[in-house]
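A single chain comes next, written as structure tokens; it is the form predicted on its own.
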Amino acid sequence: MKIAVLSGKGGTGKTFCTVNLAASQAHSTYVDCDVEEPNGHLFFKPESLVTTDVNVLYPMVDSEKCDGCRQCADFCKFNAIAVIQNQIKIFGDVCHSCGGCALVCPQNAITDIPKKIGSIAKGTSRTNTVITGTLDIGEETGVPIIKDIETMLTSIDGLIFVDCAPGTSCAAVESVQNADFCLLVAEPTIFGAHNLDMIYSLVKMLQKPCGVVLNKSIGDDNPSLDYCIENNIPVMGEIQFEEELGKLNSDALVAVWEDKKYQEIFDKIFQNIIKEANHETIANS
């Protein structure tokens, strides 16, 4: 089973929830697909790391073969190619590495070469497997890294918890494509409810079963809870705003490994996810 954890913005506690859910379930896999700023590994501190590069194909032009016919520029819908005085200019920042320009070139003047955009590291922390995708500084998109991670996950059995990018970007969408359940993390504020609405709209569009964790709860006044009630969204659990949790997080410690009460909280959240996922399966069968 693959559980994707999302939030409408950064700072809601998405990584906190994903890390502790994975750590609460022995032998599960934690996957950090927040590739622009991955930080789950700071808590897990994985060992025996094996790192592989992620490459995309990047077009290179042989100026001696190119006759400036413009077929490549006309083909490129991203305007990544310009013809200036019969010379080809490629704008790498907007190239989507589709390979089409090389296919349409009648002179075979364009060759695709690999270009590194990031990496994937795989290691272990206690009984958990930890996979971290990292986008290199200055690169445009982490989607190819997430695609490579998804390919890697096809050979992994058992529970998988995916820490998605915040918001509704292409990276977030790619991270939930193959998820069996989406867990949405929300704060107890009006702004939190607004961002919950945004991310709920995404998973509803993708037709994914979902539930909500209310993080940093401080009392009865919770606009995010009101939103869940109004929209009939099941609440998987509620985590109180506590100084102790803040200290554990600031020290990069896994809460469920430090205090049994947090193990019980996250185990209960996980059990609620399983119940809701099974309910959705039965309802849709």
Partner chain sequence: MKIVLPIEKTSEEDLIGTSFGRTEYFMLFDSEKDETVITDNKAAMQQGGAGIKAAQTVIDMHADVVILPQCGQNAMDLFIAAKVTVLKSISRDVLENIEKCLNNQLEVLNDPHPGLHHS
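Keep in mind that this is a model prediction, so the values were computed, not measured. Numbering follows the first chain given and starts at 1.
If you look for the form predicted together with its partner chain, you will not find it shown, but the lines that follow are about it.
- This chain is displayed without its partner chain, yet in the predicted complex the stretch 86-94 from 160-168, 147-155, 86-94, 119-127 comes within 4.5 Å of it by heavy atoms.
- Proximity of A82 to its partner chain in the predicted complex: non-hydrogen atoms within 4.5 Å are present.
- The closest heavy atom approach of R70 to its partner chain in the predicted complex falls within 4.5 Å.
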